[in-house]
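To begin, one chain is listed below as structure tokens, in the form predicted on its own.
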Amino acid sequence: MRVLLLGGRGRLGGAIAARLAPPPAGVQVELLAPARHELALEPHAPDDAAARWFAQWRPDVVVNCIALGDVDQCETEPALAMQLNAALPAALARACERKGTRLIHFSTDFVFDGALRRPYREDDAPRPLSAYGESKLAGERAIARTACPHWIFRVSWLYGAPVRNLAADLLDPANAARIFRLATDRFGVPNPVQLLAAEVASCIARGRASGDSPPASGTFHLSCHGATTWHAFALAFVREAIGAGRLAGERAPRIEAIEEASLGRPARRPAWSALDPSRYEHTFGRTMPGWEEAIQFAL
């Protein structure tokens, strides 16, 4: 089974690449993870790019981790956000439909407005507050309009990659004396990319060994259980890192509380965007941990 991983140098894509190369036991795949220069993606011509990639690599499964994920950049460059987060997934879905290829795509908790104050289910009405959320929702809907076999996984609050995330910064010895000011009034679910990558690998393998049909196409919330703030997460992460010997207590950074509004960022964030993974667990036969338990995957 040839798996084409697009965006394999990013936060989630890098974790998936590490999980599939070499593949874990029971997963028979040939991983194709081209670098950005090999993809030569022109955002304004996604159909040309998709056709070229399919002709060159002939995938059986496409895992799409390409996105414009900078929420504030999406607010200032909405056209680019739509090209990368909506038009490109649509082009991939059309190419997958023609070839009978499965598409695995990732969306976000930012498709919701945060008004419910409970974990969101897949059947809750999306109401994005930002250009980022709007573009990701448009990508979801474009894929669903095609007949390609697909799984859209909504994910949230990713951490655990080597660079450019809160967990890496908290573990960095250079930040021993640094003060981290984090919001106490925005709630969601932190998810280690290592755990999500393992789940994606399991989904790819599902049904191959037993001969069972894979789960039907649809949208699923791939998330740990629970809800917390970035401030509470950082405190818990530092505590667990000290307990695991990854961080010396006397060199732990300081965590201070602030309110989201004080950050003055261009894009609005949902105040309460936890995702309920029950449908994912039932459909794929998996059990997701609580967000605190999941910290161990990043240590």
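These figures come from a predicted structure and were not determined experimentally. One-based numbering along the sequence shown.
Keep in mind that the form predicted together with a small molecule is missing from the display, and what follows is about it.
Quiz prompt | Answer range among 242-250, 55-63, 38-46, 259-267 for contact with the small molecule, defined in the predicted bound form as heavy atoms within 4.5 Å | solution = Going through the listed ranges, the match is 38-46.
Quiz item: Given that the small molecule is left out here, which of A87, V155, L170, A201 has a heavy atom within 4.5 Å of it in the predicted bound form?
Solution: Contact residue from the list: V155.
Practice problem: Please state whether every one of the three residues E97, A144 and W151 places a non-hydrogen atom within 4.5 angstroms of the small molecule in the predicted bound form. | Solution: Not a single listed residue reaches the small molecule in the predicted bound form, so no.
Quiz item: Hey, in the predicted bound form, does H282 get a heavy atom within 4.5 angstroms of the small molecule?
Solution: H282: no contact with the small molecule in the predicted bound form.
Quiz item: Might R11 be said to contact the small molecule in the predicted bound form, defining contact as any heavy atom within 4.5 Å?
Solution: The answer is yes: R11 has a heavy atom within 4.5 Å of the small molecule.
Exercise. Report yes if any heavy atom of S107 sits within 4.5 Å of a heavy atom of the small molecule in the predicted bound form; otherwise report no.
Key: Yes, S107 sits close enough to the small molecule in the predicted bound form that at least one of its heavy atoms falls within 4.5 Å.
Self-check item: Residue contact check: R164 to the small molecule in the predicted bound form, 4.5 Å heavy atom
Solution: Flag for R164 set to yes.
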